[in-house]
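Read the single chain below, which is given as structure tokens and is the form predicted on its own.
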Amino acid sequence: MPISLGPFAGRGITELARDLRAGRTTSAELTELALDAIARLDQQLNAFVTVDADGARAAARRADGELAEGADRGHLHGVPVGVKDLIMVAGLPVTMGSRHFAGHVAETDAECVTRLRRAGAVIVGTTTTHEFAYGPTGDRSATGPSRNPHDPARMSGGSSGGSAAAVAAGLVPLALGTDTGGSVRIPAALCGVAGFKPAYGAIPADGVFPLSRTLDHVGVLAGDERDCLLAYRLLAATAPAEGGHPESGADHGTPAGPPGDAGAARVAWLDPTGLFACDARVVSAVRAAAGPLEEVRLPAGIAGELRETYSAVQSAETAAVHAGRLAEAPELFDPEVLERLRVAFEMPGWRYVRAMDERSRLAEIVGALFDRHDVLALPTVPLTAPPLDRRETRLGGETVAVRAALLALTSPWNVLGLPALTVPAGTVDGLPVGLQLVCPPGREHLLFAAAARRPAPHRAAAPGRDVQP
């Protein structure tokens, strides 16, 4: 059964910003709403690892004081936010979801957290991650699995599962995540919210515990694409602008009107079955949300090459990160994560070097699809949220690994470093499905425009509310 919803379900950041500036609420009130919702609901979800009530209240008081004095930092000023538990927040415990870091406290803020604070956001706590972000299921963490608000017996997805669950349940309106093979988009899709992975390096990863240094991306999760765009522009800016009023059209890194010209975006449907076996009901629901589009396919054999390249790069780079821990204290890893690490250590160095070279060739081949189209549309994941601890499932008449299925439609865009957005696309059997939109760097405005034009019936569903027509 779905859980009860918190106060931010269906309330966008722009609405909150207007209420703050109109005097209908205060940052202190919004922060208390978030803290109360976490206290009431998070026992069912396990979305949060650490709640910083004192720090959040102090930040809210500062935000209210600044607004009272006319100092306006933009849309995020005074808004409660969650941060994934492998992004450093000075003074807070950061566990990476692992017993290896029990009791560890971050000394400094990650650069993306610094930018959140500069924008006036109120950090209420850190959210559950799959151990070391090494898994798309979200159910392997020293602090326990994060759970899906639509059905707590099912996966939130991972590795940013706590961030997705927190936003979907209305505990906070915005959360940060990381995405190495789909770790923002997978949980966003399974939980029924929006998630954006920008181009590689667009949001700095300084102060973020690494999984795979050339695949890692910092991303954002929110109720819809507009809030993702708003947060992304603030986090990607070298120095977020200060001053001005959120309703004035002043540049806070967010558009005053719709995010781009939807009619100008040339969108094509990328056949997902060319990448992996899919649940036909998921494909049908997502394609309906995307609307009538010309269909394109990846060249024969490219899907397999993308998977192999992703595996080689991630395995080698992850092994380098954890070599010391694996040698000195392997017993502190979750058994499943430990098994995956041992397999990763078998990746030969020559294969990693060759995979790095292959990325350029694959980028050129896939990039040809964007000669005639600005945006590719496809499902975010080929199935609905599996039950917790499920490791195999049936798709397309065959038995497949859940982990492989969850990553299949998202990981190619990490290999290629392309911006990718997931937005709600209705439900199947009461569980959310996501529409994924992918574009080359520099066309992000068209990607968000394409998301904005999808019909209302395919937008976000509250847990337990089926909106598929």
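Note that residue numbering begins at 1 and tracks the sequence as displayed. Because the structure is a prediction, the values reported are computed rather than measured.
Although not depicted, the form predicted together with another copy of the chain is the subject of the following passage.
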- [ ] Counting non-hydrogen atoms within 4.5 angstroms of another copy of the chain in the predicted complex, say which of Gly304, Gly144, Gly103, Gly349 makes the cut.
- [x] Gly349
Open item on the list: Please identify the residue among Glu107, Asp357, Glu331, Glu364 with any heavy atom within 4.5 Å of another copy of the chain in the predicted complex.
Closed with: Asp357
TODO: Have a look at 199-207, 78-86, 283-291, 321-329 and name the one stretch with heavy atoms inside 4.5 Å of another copy of the chain in the predicted complex.
DONE: 321-329
- [ ] Consider Ala368 of the chain shown here, and say whether it contacts another copy of the chain in the predicted complex, taking contact as heavy atoms within 4.5 Å.
- [x] no
Open item on the list: Can you work out whether Ala316 and another copy of the chain are in contact in the predicted complex, taking contact to mean some heavy atom pair no more than 4.5 Å apart?
Closed with: yes
- [ ] Flag Arg213 as yes or no: does it have a non-hydrogen atom within 4.5 angstroms of any non-hydrogen atom of another copy of the chain in the predicted complex?
- [x] yes
Task: Non-hydrogen atom contact Val353 with another copy of the chain in the predicted complex at 4.5 angstroms - done: yes
